[in-house]
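In structure tokens, the next block holds one chain alone, the form predicted on its own.
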């Protein structure tokens, strides 16, 4: 039976730590973007022409805030998946540690 083990114990532990941090950070950013925090205005992708040529600029800016917030939540979900793979690798490494060859 082929082994699903493809990384060592230190790399798997590092992947878990980075995933936990990524989920926490991106979830918080997603919440703050969804709340339309004014501090994050520099990270919203718009130009001055978007504001000049539009009849309702606040609604479009709020829409961009929401889109960036959704993108942060999607990236957090990707980090959850990477963390799950890292957790599986940690468990496989521990199981291999106890196997007798």
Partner chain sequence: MGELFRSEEMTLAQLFLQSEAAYCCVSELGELGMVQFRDLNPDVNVFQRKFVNEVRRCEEMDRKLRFVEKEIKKANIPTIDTGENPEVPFPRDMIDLEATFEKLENELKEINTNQEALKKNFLELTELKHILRRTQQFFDEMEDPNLLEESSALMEGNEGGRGAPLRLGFVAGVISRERIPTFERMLWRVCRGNVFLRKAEIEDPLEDPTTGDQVHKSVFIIFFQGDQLKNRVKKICEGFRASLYPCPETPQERKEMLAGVNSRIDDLQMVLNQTEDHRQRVLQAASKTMRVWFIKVRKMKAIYHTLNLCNIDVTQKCLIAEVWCPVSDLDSIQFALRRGTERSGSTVPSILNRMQTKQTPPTFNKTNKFTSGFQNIVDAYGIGNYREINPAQYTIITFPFLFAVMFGDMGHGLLMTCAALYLVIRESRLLAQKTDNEMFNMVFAGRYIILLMGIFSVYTGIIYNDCFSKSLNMFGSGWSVRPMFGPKGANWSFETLEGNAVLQLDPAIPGVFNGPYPLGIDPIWNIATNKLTFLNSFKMKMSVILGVIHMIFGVSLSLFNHLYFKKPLNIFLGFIPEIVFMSSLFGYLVLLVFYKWTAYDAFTSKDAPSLLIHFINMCLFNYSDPTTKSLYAGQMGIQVLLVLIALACVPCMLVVKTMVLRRQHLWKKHLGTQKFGGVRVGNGPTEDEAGIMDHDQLSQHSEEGDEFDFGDVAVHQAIHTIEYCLGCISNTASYLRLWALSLAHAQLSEVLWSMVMHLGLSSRSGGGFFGLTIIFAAFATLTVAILLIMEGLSAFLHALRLHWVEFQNKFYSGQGFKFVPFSFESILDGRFDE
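As the structure is a computational prediction, the values presented were derived from the model and not from experiment. Positions refer to the first chain, counted from 1. Rigid core here is just the name for the largest C-alpha set that superposes within 1.5 Å across the two forms.
Below, we turn to the form predicted in complex with the partner chain, even though it does not appear here.
_in the model of the complex, the one of 92, 84, 78, 11 near the partner chain [non-hydrogen atom within 4.5 angstroms]_ = Result of the distance check: 78.
*Look up in the model of the complex whether residue 18 has a non-hydrogen atom within 4.5 angstroms of the partner chain, and give yes or no.*
Within the cut-off, so yes.
*Is there a non-hydrogen atom of residue 67 within 4.5 angstroms of a non-hydrogen atom of the partner chain in the model of the complex?*
Residue 67 belongs to the contact set for the partner chain.
*Wondering, does residue 47 line up within 4.5 Å of the partner chain in the model of the complex on heavy atoms?*
Residue-level check for residue 47: yes, a contact with the partner chain.
*Using a 4.5 Å heavy atom cut-off, state whether residue 71 contacts the partner chain in the model of the complex.*
Yes - in the model of the complex, heavy atoms of residue 71 and the partner chain come within 4.5 Å of each other.
*Going by heavy atoms, what in 7-37 lies within 4.5 angstroms of the partner chain in the model of the complex?*
Contacting residues: 18, 21, 22, 25, 26, 29, 32, 33.
_How about residue 57 - superposed on the rigid core, does its CA move between the shown form and the other one by 2 Å or more?_
Residue 57: C-alpha displaced by 2 Å or more between the shown form and the other one.
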